[in-house]
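The data below hold one chain only, encoded as structure tokens and taken in the form predicted alone.
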Amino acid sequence: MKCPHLCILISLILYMAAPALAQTAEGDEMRSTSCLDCHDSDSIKPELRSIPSEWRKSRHYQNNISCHDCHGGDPKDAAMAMSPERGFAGRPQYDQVPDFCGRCHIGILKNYLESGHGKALKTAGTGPNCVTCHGSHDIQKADVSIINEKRCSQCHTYDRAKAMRQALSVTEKKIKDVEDGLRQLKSAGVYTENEDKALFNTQAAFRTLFHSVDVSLIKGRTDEFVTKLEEIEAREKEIFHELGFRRNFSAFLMMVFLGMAVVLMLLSKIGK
């Protein structure tokens, strides 16, 4: 006869392990697909062989965005991996790249299309698209460092881009300060989901603003973003203050208990 307590214990362990097992399975599936197997092999053209290694360094990889999420197709079936019937879209034409990326980055696409960059691409077909600035597979987290003389001067002088970078830098620094604070709180075991969501929403709106390429608009909304970030920062300071109070109070209680222990020990000796 099976022990009911053992069965309950095993069930509890499996229940607790299920999310981790699911994440591992999802990660393994993302990291081993027919797309990657082919592009990692010696049979592929040399210029296409570097794609997996570039992708593994990217922001997409860090967020579990794999080949088929962008290019479609069947990642589990090598024979159907590039089948249009399975939704394979392949590599977009140069002027189709913004719409291709904009399927996920909707707000950014809207600002880009209304910007000088978007209008240049639409009218001349040679304006910068997403890949021009961000790369195709080695995409990194966007920040103001992407605006630099080497990149921007490929198409025009750096003066206007430099002014935009300076306008963005104030908000960017504040974002980094807030991120540092949240990292410290998490390392202390503090639950920060609400603050994380607030920062994510603020960052998303801020990154979207990048793509307007409008210095006046960016300068005009700097105070708005800084105010939102300062609100998150104020909450961080409250939590830090509360943590400090708890630590001090714990230390005080420890001293009280130690003092009581010493007193009781002395009283016991006197009683003898």
Ligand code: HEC
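This structure is a prediction, so every number in the text was calculated from the model and none was measured. Throughout, we count residues from 1 along the sequence that is shown.
A second form of this protein, the form predicted together with this ligand, is not displayed here; the remarks below concern that form.
Contact annotation for C155: at least one heavy atom lies within 4.5 Å of this ligand in the model of the complex. The shortest heavy atom separation between P84 and this ligand in the model of the complex exceeds 4.5 Å. By the criterion of a heavy atom within 4.5 Å, F225 is excluded from the residues contacting this ligand in the model of the complex. Taking the partner from the other structure, this ligand in the model of the complex has no heavy atom within 4.5 Å of any heavy atom of A188.
Note on contacts: among V170, A198, L182, V144, the single residue with a heavy atom within 4.5 Å of this ligand in the model of the complex is V144. Annotated contacts: H68, R91 and C130 all touch this ligand in the model of the complex [non-hydrogen atom within 4.5 angstroms].
Scanning 39-61 for heavy atoms within 4.5 Å of this ligand in the model of the complex gives H39, S43, I44, K45, L48, I51, P52, W55, R59, H60 in sequence order.
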